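Take a look at this single chain, the form predicted on its own, given in structure tokens.
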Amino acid sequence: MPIHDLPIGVFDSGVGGLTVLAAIAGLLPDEHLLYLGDTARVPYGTRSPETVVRYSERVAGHLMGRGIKALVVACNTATTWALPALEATGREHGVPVLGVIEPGIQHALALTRSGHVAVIGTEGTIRGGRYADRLLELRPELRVEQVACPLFVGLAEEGWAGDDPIALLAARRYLAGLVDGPDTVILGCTHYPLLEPAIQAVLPGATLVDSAQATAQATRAMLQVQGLLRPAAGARRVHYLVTDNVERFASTAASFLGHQPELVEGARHPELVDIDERDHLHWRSALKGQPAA
């Protein structure tokens, strides 16, 4: 199979990365897509950095083993801790790797007028500090605040999103310190766009930055530079993989995929897969031309 006809691999710890998948699908309608939600291990945001790297390498190894032409890490926590390792292995394997943090940062910098930017995310993402460090590296004069909102992931996964009263109560509790503060707020978790109405109700004067669209644009640019864009040649394929809770994934996916019926239909029948250390070993050994132990 020609390399440009291989799918784009996208992964997240759960269903949140589907917001990124939907954005990529909308911007690149001819591309095949392969999504893996590591639902057996969600959430990544409360895990140690070492564990996040280990899980991410296994997931990436599984996708690599199936054959992909590019890898999008649609998880902020995985991007925070595992991106350097995945990028290094991707370079060895000839597969470009993109995370969600840099595209979101660039979009936020283009939007802020006051120079006061906030980042909300999981405990792991906020603890890692990658958003704040990068923002201040690019614009040292910025005022950057960070707030961990760990319950937001669970609310989104449960479908208690939008203007749900529980989501609104959680947003008020977490974001009270940001009221009358930043003019730009980065949604530093791919689950958070589903809670946008609640977040916006608490921070009505702030512009919310969803990295999904920015990541989709960065994905297109990356494929263009690499000469990997798929020409319009027949219908695309979209395939979903999960490591647990097939029924839950299928019932929740529609909320994240928006108004793209062909994406939702495919998500109703995800494939259950098991990933373990051998996925990473197969990936690494393939680079050396040796069988995995």
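One-based numbering along the sequence shown. On a predicted model such as this, the values are computed, not experimentally measured, just so you know.
Here the subject shifts to the form predicted in complex with a small molecule, a form of this protein not shown in this document.
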(request) Have a look at 73 to 81, 107 to 115, 168 to 176, 135 to 143 and name the one stretch with heavy atoms inside 4.5 Å of the small molecule in the model of the complex. (result) 73 to 81
(request) With heavy atoms only and a cut-off of 4.5 Å, decide whether Gly61 touches the small molecule in the model of the complex. (result) no
(request) Answer for Val42 alone: is it within 4.5 Å of the small molecule in the model of the complex, judged on heavy atom distances? (result) yes
(message) With the partner left out here, check for me: in the model of the complex, does some heavy atom of Thr215 sit within 4.5 Å of the small molecule?
(response) no
(request) Could you confirm whether Val153 comes within 4.5 Å of the small molecule in the model of the complex, counting heavy atoms only? (result) yes
(request) Answer yes or no: in the model of the complex, does the small molecule come within 4.5 Å of a heavy atom in every one of Ser13, Thr122 and Cys189? (result) yes
